[in-house]
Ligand SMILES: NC(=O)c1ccc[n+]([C@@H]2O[C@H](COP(=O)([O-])OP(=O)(O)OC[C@H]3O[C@@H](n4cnc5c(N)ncnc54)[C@H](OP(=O)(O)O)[C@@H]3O)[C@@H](O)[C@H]2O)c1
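To begin, one chain is listed below as structure tokens, in the form predicted on its own.
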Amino acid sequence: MKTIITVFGSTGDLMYKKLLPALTNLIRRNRMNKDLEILCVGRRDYTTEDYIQEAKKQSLDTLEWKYIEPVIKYVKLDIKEKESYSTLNNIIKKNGQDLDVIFYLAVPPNLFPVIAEGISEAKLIEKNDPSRRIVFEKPFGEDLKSAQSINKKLWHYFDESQIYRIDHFLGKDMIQNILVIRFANMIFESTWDHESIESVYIIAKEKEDIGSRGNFYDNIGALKDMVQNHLMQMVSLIAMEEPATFDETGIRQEKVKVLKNLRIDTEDLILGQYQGYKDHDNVDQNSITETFVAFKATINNSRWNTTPFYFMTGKKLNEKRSEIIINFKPNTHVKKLWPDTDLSKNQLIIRVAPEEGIYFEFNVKSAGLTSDIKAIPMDYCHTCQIPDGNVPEAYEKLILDISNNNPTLFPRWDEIETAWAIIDALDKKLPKPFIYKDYDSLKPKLKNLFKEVI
């Protein structure tokens, strides 16, 4: 069976910087179908040779073109003309009947319904056909209402099982590793609740500013750009119950339950906007869009009902760092044994980016004749385990799963809907963001909620 991947938006940065490198590496690693064709759809009047030359200028210098160049074909198409989809269908049909066909929409969400309608009406995808699938990039709407509207149209054209919604965070190895750390290690799973865990911090800090994304970002902000998807996915994996089955149905079902029980404490909600944000092109001079957000949340179920979960994300901070910090409670009997010693609390850190790994801190007796106790770390570097240092990118894993028809790492609609409902509920309660110069200027605001991590 031949595989055909058709990419709409093939002349955009996502294609040049992420999808082409991911596809190239998958081909190089022999993880894709040997019989593969990539149809690069665009409006520009290119030949295939023209497109490849432009892609070489725009993509990463390290991209090994010898692997992917032979399978690329450029197709000129106007997404607003229905006849174009019929032309595309004829191109695909020339490859025979036994085909595995994937349509990847690397385009803004407002174009999703237009392209979906064209694909459906041209019978490029028909319902109940698992060999035909369609992929959508986040953001999935701009709020709950728009997301529901888009999804309603998608369901009109496709089955849920044919729809793959990409959140690239879920393709990161350490995000996938959360389930392994929990459920493959009794030492953690047996203590994974409010009885043993004092607090959980979910952090996604970014060092850069918004760059040239003013037109997009000023309508979205940090809550919708990061919290609604990335951070909600992280907390759902950390806090979920053990699924009945470790497949897409069981895992997704438990993730949704977490989100439905998540409550954000609006009293402790902190919004900020970095100094100079309004100087970017296409940003409203009166903008109150937040570029930083921090808050406390609780999960109202028997496992987590007294454990606070703290969230932080923002731009123009002191570093790029995404991680989950789990602080365990102190041993209540420790003072009976060592009344004069203040022991450190056990801490587990799951590092997601830029380094990937696991850090665990526990107490031991100091070497020698004293009875001193000290905290020592066990530090596992996940990226160091790749012999050639060529760590697979998140998009490699996600594209591979799409090609294998495995939807486990792709948010189901009810996950997205529930996450949007959480964010929408905050809209009338959002404070005006304060202006921060840098991360140090944020610390006074954070000292109560984040004193353990700032």
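None of these values were measured; they are calculated from a predicted model. In this text, residue numbers run from 1 along the sequence as written.
From this point on, the text means the form predicted together with this ligand, which you will not see here.
Among heavy atoms of Glu254, none comes within 4.5 Å of this ligand in the predicted complex. Using a 4.5 angstroms limit between non-hydrogen atoms, Pro21 is distant from this ligand in the predicted complex. Using a 4.5 angstroms limit between non-hydrogen atoms, Asp438 is distant from this ligand in the predicted complex. Although the partner is absent here, Tyr395 sits close enough that one of its heavy atoms falls within 4.5 Å of this ligand in the predicted complex.
No residue in the set Lys207, Gly276 and Met312 has a non-hydrogen atom no more than 4.5 Å from this ligand in the predicted complex. Note on the interface: of 108-116, 322-330, 341-349, 354-362, the segment with non-hydrogen atoms within 4.5 angstroms of this ligand in the predicted complex is 108-116. Site annotation in the predicted complex: the residue of Lys153, Lys335, Lys80, Lys93 reaching within 4.5 Å of this ligand with a heavy atom is Lys80. Annotation for 28-52: interface residues with this ligand in the predicted complex are Arg43, Arg44 [heavy atom within 4.5 Å].
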